[in-house]
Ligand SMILES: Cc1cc2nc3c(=O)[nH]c(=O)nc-3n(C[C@H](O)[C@H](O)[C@H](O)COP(=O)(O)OP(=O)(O)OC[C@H]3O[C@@H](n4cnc5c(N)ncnc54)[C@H](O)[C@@H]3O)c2cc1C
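Next up: just one chain, as structure tokens, the form predicted alone.
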């Protein structure tokens, strides 16, 4: 890697104004030569099931497994060749606390705790504890390569039909109900027919293409391009006081990143390896295909600069400090579903209790600024040991048989800054899977579900419902 390549600007930094080719074509008149008219087609049905989950993150896998364990016939669609989403594809290897801030009561269980236990048995997870005055917090650092194995095991054990290397294309909607998902894969264009669906895409792709109500904030939290670095223990030994979170922004180095935010985590089972989340990309909307492409290029450019900085100034100009790159950039925020309830920061910070609560959390409000370095924080007060996530924030308005789960939840800016982390999204996924099965079993729309029965069934699955 040359210093020239590491510093090269691949495109202008002001990317927010990029218009995708698809969006531009949609604005053209049908007779415009820029528009290609596709002939009608018949699409073969490759699979029929009770529930189809779109998106194979941990959120999506947990939705699929939760429903399958209740007896549902389930399919799951994932664009990557593996499951895990941001944890595996984007290398973000931290799951936050299972306990309240006082460490008096466990507040997260279910499939999240089950997977941690599976990883613990093969030495692929490390628990960290950080005390604070009157409080404390813990988190888990994961080997996300091993996590891929465990998610495979969950899917296979539950007899779920996986569709990997598969892109969701569009929904088929009849009388307001989604009846099939059109997919594209190596075998061509196919359809999965199902009675219930969960949108675990993170970007609300399913409900947006159904025409249900979605929204985007003007200032989206920026994505971050992570990496796994090697020889970090050697660099630390040879350079007392070395702190990579400061070094990569230090203007004394030509290759330093101009601004941003950085944090790290160890990789269990990989001595001297460090996950670095430091290459933040500003001014992009990653639900737009062209901006997603450019954000990926920009993220890799920044990681290349970091690697060249380490090589030149801390490795004597020899060696490659890079162990591996993510399959995709870590996206924090794009579209949100308009749901029956918009979760608010005030509800979190006051510890509001919901009759339809399906998850609990302690991760603080953490809003990454859209246009410059910095984070807006909001911490729970001492008399609020945890907050709750309501099921109604996962039920899109006017939806009959589609739920959302994960970062497409309906939440204001502050609340979203807290609930978007994976340990919270995991709980949303498990709840959505159980709710989809209950809607089928009860023969009711998703917005008419008996939430007492939902909470009881989640409790039977090991979720900690309080």
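Bear in mind the structure is a predicted one, so any value in this text is a computation, not a measurement. Numbering follows the first chain given and starts at 1.
Below, we turn to the form predicted together with the ligand, even though it does not appear here.
Enquirer: Exactly one of 347, 78, 298, 150 has a non-hydrogen atom within 4.5 Å of the ligand in the model of the complex; which residue is it?
Expert: It is 78.
Enquirer: Given that the partner is absent here, state which listed stretch (436-444, 403-411, 65-73, 39-47) has heavy atoms within 4.5 Å of the ligand in the model of the complex.
Expert: Result of the contact check: 403-411.
Enquirer: Can you tell me if residue 332 lies within 4.5 angstroms of the ligand in the model of the complex, counting non-hydrogen atoms only?
Expert: Looking in the model of the complex, residue contacts with the ligand include residue 332, since a heavy atom lies within 4.5 Å.
Enquirer: Using the partner position in the model of the complex, report whether residue 94 sits within 4.5 Å of the ligand, counting heavy atoms only.
Expert: Yes, contact at 4.5 Å.
Enquirer: Quick check on residue 198: any heavy atom within 4.5 Å of the ligand in the model of the complex?
Expert: Looking in the model of the complex, residue contacts with the ligand do not include residue 198, since no heavy atom lies within 4.5 Å.
Enquirer: Taking 4.5 angstroms as the cut-off for heavy atoms, does residue 167 touch the ligand in the model of the complex?
Expert: Because a heavy atom of residue 167 falls inside 4.5 Å of the ligand in the model of the complex, the answer is yes.
Enquirer: Go through 291-328 residue by residue and record those having a heavy atom within 4.5 Å of the ligand in the model of the complex; state none if no residue qualifies.
Expert: Contacting residue: only 328.
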